[in-house]
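Okay, here we've got a single chain as structure tokens, the form predicted alone, with questions on binding and movement later.
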Amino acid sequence: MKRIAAVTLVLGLVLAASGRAGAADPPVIRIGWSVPAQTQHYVMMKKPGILKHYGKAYKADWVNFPGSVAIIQAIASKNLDAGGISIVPLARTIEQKAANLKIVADMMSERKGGFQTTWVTLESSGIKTIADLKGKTMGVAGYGSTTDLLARAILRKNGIDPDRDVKRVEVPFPVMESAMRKGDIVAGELAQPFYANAKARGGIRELFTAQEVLPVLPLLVEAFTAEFMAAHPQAVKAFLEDYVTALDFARDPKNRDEVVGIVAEVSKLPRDVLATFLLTPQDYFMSPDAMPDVEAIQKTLDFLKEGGVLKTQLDAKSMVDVSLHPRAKR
């Protein structure tokens, strides 16, 4: 009986210790990321040593996707908990109630003081003004995308019917420049790093940017599912604290060379090209406090509603949750 009692006691201690170890194991956040313009994510992935909470309050399973739509689909199918996402698929997902998502931090935006998606032509094309595009063929990176809607609005603003006065063909960003140089299109939109590549080769004339319609365009935001936030608030809070640590590291001028190397390694983009614009005024704007710009998000949602992308009027305030953000005003 004494032996049985001793064995029982030892087994109980082992189980208790096992239970404590399991309880101490931090939650894993499954995070979707893509290329380009997610510098904060790249730093977090490659510099975990600078992060205060990684491995203690949370762990991260970083999953690469070709873009925001694929990340959204993975979130909707419950295969991800969070991700860096652009506004259009995020808004559509919320409108369709495919997933309950909350914007928890800003990632990148287009605004004065930073790079903005730019519509260009060749200097040899003879196109000098927006009006000169009438009767010509333009490239669009994706039908129905934010930039497509912006281009359509800017054309209308300048007296051109985007459906009748110009021909618009879908051309992915990586081949937009070559399609223009081959003469398949006379003008197209360029994002970074494709803009930097084109400028380096020369002969490019700028026509317009999104500034004409949306002075501030939230390009990418950090979003979490409301379910994960409710289940693991301390993990999300710790992640966001590390997120701003990575942001501060990236923005520190003394770290620029290292950050360029990190982005080149993760994105597989040429380091020499990245060095021409990354973390300069020719890069997308990273807000120093990483706080979502609710007013800019609302104006973008209004723009999407007017353009027919959204069928209902969404409220930006209800889409944003900064209760766990370390730089939110308390």
Partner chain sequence: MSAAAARPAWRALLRLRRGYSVLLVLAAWETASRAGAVNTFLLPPASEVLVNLWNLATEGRLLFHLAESLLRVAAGLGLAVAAGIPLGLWKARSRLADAVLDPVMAFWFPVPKVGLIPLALLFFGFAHGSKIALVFADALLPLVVATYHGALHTDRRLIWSARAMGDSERRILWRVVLPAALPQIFTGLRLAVTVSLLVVFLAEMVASSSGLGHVMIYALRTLETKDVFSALVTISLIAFLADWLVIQARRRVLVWHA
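Numbering follows the first chain given and starts at 1. Predicted model only: the values in this text are computed from it and were never measured.
Beyond the structure shown, there is the form predicted together with its partner chain, which is absent from this document and is the topic of what follows.
None of 89-97, 106-114, 231-239, 207-215 except one has non-hydrogen atoms within 4.5 angstroms of its partner chain in the predicted bound form; the exception is 89-97. Note on the partner interface in the predicted bound form: the residue among S125, N255, S145, N158 having a heavy atom within 4.5 angstroms of its partner chain is S145. Between its partner chain and the residues V69, V294, A275, I50, the one pair within 4.5 Å by heavy atoms in the predicted bound form involves V69.
In the predicted bound form, its partner chain lies within 4.5 Å of some heavy atom of A179. For G135, no non-hydrogen atom is located within 4.5 Å of its partner chain in the predicted bound form, even though that partner is not displayed. Using a 4.5 angstroms threshold between heavy atoms, V260 stays clear of its partner chain in the predicted bound form. The closest heavy atom approach of S77 to its partner chain in the predicted bound form falls within 4.5 Å.
Residues R168, V169, E170, V171, P172, V175, S178, A179, K182 are the members of 161-183 with a non-hydrogen atom no more than 4.5 angstroms from its partner chain in the predicted bound form.
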